[in-house]
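Shown here is one chain on its own, the form predicted on its own, set out as structure tokens.
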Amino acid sequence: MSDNDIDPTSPRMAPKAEPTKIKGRELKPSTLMMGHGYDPVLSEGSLKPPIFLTSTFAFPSAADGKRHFEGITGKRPGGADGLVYSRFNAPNQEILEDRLAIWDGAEDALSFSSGMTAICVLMLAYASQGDVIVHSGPLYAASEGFVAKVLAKFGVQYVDFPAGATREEIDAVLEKAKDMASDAGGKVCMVYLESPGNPTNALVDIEAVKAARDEALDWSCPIAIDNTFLGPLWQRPLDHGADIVVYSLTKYVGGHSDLVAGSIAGSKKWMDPVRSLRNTMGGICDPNTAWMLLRSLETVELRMQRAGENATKVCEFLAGHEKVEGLGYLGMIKDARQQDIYERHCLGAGSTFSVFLKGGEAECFRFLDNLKIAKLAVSLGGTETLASHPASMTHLSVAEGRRTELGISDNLVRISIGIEDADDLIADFAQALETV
């Protein structure tokens, strides 16, 4: 379909309703977010996409219906040519997926009802009995739990490596995984990364992982990465060798703490198996949430830039405070290996970081309970500043020994800086630290 063609079965879309180039200049995502994938002419001239609250779509002809279902069921590659049923696709979700793909330079993207839905459907689409998943650590506790507890019930094993692992260490883990898979009659089905890791901000060397995968494994094993902490502005994993990028859209992309959603993006060959399983299981995000995410994508760059600038100022204050033992902030890395990864992979330090207070849980709780501006809540990437205690909250389900191994200590507080005035935030942290 050319840039000027209109799909008659899709009432809202021309595939590229706005130009992607002007006189040879590639337009930036922040520009394309204002209209990409949507033609107002097809929706009564509405400047912004309406919310399409419908469960099903009328076909122009029976032949069209047959052709769409051939795509949906996999009898013909490429998916449906038009709109079919809202468990499969719908206008708001398709516009959203078009725009999400733009940010990461991906060929295709899929939206889901939550970040964990995206992760679970992704892994289920690629894992079979006897297979092994290789993953970095730390992961978000629910991600790690899904691999270790849920997939294990279906005969899927895993082996992990620390986020900062060297090429040699990654090679050794992949060899171990191959042996495990061979013994079980399976294969290494996925390398799953989270970088930066939650909540320590530890970085994974994506390029080293790709080189190790290319040498040791079959190309049918994708490298997927949860890019929630830095994406879509401060890291582009597909540029460094990842095949699939994963987001909790709840965080920076949604950015207002008023929705829950997730996504994956990559080439069509990696997306198609996941799309097929999503068609069966459901889990696509709803039209209202998709519409809200379209709103949020228009300002994601502005919000993330402001939050990043605030985080730099706040961390400069915290780094010199007598009650702070250390910081897990990407703008103040002390480890040479981590700094090397940061310089190769990252475009900014982000606005979510960990603070290590002198003391333990009691001191962290006192600090958290005395915050006035920052809110005591889990999640991150919103317009407001949030603070939480991972060891007793988001990562409580992780065994204590495993938490220690991953560096999730009792004196760690995770902070996500918002877009408030930076000096006000510093004053708030200062007064809360006085009570510790």
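Residue indices: 1-based, along the sequence shown. These numbers were taken from a predicted model, which means no experiment stands behind them.
In what follows, reference is made to the form predicted together with a small molecule, a form of this protein that is not presented.
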Only one of R303, R278, H345, K251 has a non-hydrogen atom within 4.5 angstroms of the small molecule in the predicted complex; which is it?
-> K251
Contact with the small molecule in the predicted complex, heavy atom within 4.5 Å, among V355, L96, I119, L330 goes to I119
Given that the partner is absent here, state which listed stretch (201 to 209, 225 to 233, 164 to 172, 178 to 186) has heavy atoms within 4.5 Å of the small molecule in the predicted complex.
-> 225 to 233
Is the small molecule in the predicted complex near all of D39, I102 and L293, within 4.5 Å of a heavy atom of each?
-> no
If you check in the predicted complex, is V159 within 4.5 Å of the small molecule, heavy atoms only?
-> no
is_contact(E194, the small molecule) in the predicted complex, heavy atom dist at most 4.5 Å | yes
Proximity of T299 to the small molecule in the predicted complex, heavy atoms at 4.5 Å = no
Heavy atoms within 4.5 Å of the small molecule in the predicted complex: does Q338 have any?
-> no
